[in-house]
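Presented as structure tokens, the chain that follows is alone, the form predicted alone.
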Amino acid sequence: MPQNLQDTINALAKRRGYYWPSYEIYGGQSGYITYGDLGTKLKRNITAQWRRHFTARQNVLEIDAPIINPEIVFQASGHIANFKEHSTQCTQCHRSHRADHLIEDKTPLENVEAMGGDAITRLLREHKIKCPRCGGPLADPTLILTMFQTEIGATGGLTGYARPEAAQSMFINFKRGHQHARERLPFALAQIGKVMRNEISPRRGLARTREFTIMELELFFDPQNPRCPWLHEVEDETVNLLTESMQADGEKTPIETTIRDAVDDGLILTEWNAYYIGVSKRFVTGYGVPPEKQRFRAHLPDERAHYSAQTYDHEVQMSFGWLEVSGHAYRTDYDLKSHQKGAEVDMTVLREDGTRFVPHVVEPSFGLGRQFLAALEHAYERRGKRNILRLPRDLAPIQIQVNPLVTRDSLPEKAREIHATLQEAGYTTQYDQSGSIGRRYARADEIGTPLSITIDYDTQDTQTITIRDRDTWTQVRTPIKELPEKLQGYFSGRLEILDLGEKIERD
């Protein structure tokens, strides 16, 4: 029996084909998830929305670079020296665990990673934390490199690593991107693709896996001309900020401020980072997370990555606590200078006044699996004995379910005809004639299908069909000939269910 909301969603996801643990027939392997048909479609729709918010109107250049990188790339970037986590091993069963996570699970403390190695060791001892698997004593934690290492070439000889982020691809291809941007600043490179992190102890399913898709963007600008021309579009957007100084003072309640005020007050160091924070709020709100369930938490100095001058995590309140869904880092010129030195290649750009400089960078970075998880949890509703996924119309993996009322008297043939017409019109549809109409509606609700169309005996006489709304269970009667125009209005957000036809009053 499911014991909490995440258990319920995991069970629903497996049952309906959103996702399930990988390698099930061999007993599974922690840190790996396989997405089913519905999950693959939902991922694709989230990706499309991310592109709409972050790349389409801004004319961002997109690239697709290799996952495996030679060791020299990560030596230059600082990952070999810094991409490490504190691991502790059980002295009895010899399982390894991420030390800061064990402390967070056993105490009210948050962001333990930022406290540093000495504090982590002390907290393990003070709270007498044991191995969660067998209860055995734990060894003092050590720093472990959490990148996958491999050999490049069938006979070896060259060490490589699977990329733990997509960012380095944008930095090492900066000169090409600058050329294709007609040598103008600001410009941005974006990449959506797989990354790998050899997590010490993956947990919470989609929240922390060893292989996942990242959606990342690097915006290059002149630090002498740091203005963002699009800031006015989001400057009135309100955000909940938890700053470095607030956390240092023990404050846990964010302040509500506008993007404009956050910049003017120095809470966000660059206009570009502020712009992307505002866009991020709109993106996450768009897939169903209420604004009051969102906050932007600044990294403390000991928590920030080696390349960052300031980082805000965009966090979403979940049933198990706050979940980071994106990171917004001001990386200064650290990365380009590092690769300029490592590759001995000039990364400078010429100003109109003849001076040369290395561009600065801001980075919004999104883990697709975490967007997916947040969208599912915030869409979930239990109504009576039914599960409903109230996914936004532009995210739902199946837009329309088509049902014949019964499987006789030519109703299936008419239903399949309408189903085919909708598919040709570009809608993602599903045909269902199995079981009672009530059970079919329940299945559509559980997978998050916004509309169900039913062909019944009146269809033959009046050339009308029934449209049922997932969220309200309202049903309307609509002429078939008006269906294309009505559906276009509904899925564009211009029309609601009662605009689609004449309401059917239930007894």
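Quick note: we count residues from 1 along the sequence shown, nothing fancier. Since we're looking at a predicted model, the values are computed, not measured.
Quick note: we don't show the form predicted together with the RNA, though the next part is all about it.
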property	result
Answer option from Arg204, Lys130, Lys337, Lys175, heavy atom within 4.5 Å of the RNA in the predicted complex	Arg204
Listed residue that, although the RNA is not shown, lies within 4.5 Å of it in the predicted complex (heavy atoms), from Ala442, Ile63, Ile67, Ile480	Ala442
Distance check, Glu199 to the RNA in the predicted complex, heavy atom within 4.5 Å	yes
4.5 Å heavy atom contact, Ala11 to the RNA in the predicted complex	yes
Distance check, Met147 to the RNA in the predicted complex, heavy atom within 4.5 Å	yes
The RNA contact at Gly36 in the predicted complex, heavy atom, 4.5 Å	no
In the predicted complex, segment of 183-191, 304-312, 255-263, 218-226 with a heavy atom within 4.5 Å of the RNA	304-312
Residues in 424-441 close to the RNA in the predicted complex, defined by a heavy atom within 4.5 Å, in order	Ser434, Ser436, Ile437, Gly438, Arg439, Tyr441
In the predicted complex, shift in Cα separation for Pro132 relative to Asn10, 3 Å or more	farther
CA-CA separation of Ser87 and Tyr26, closer or farther in the predicted complex than in the form shown [shift of 3 angstroms or more]	farther
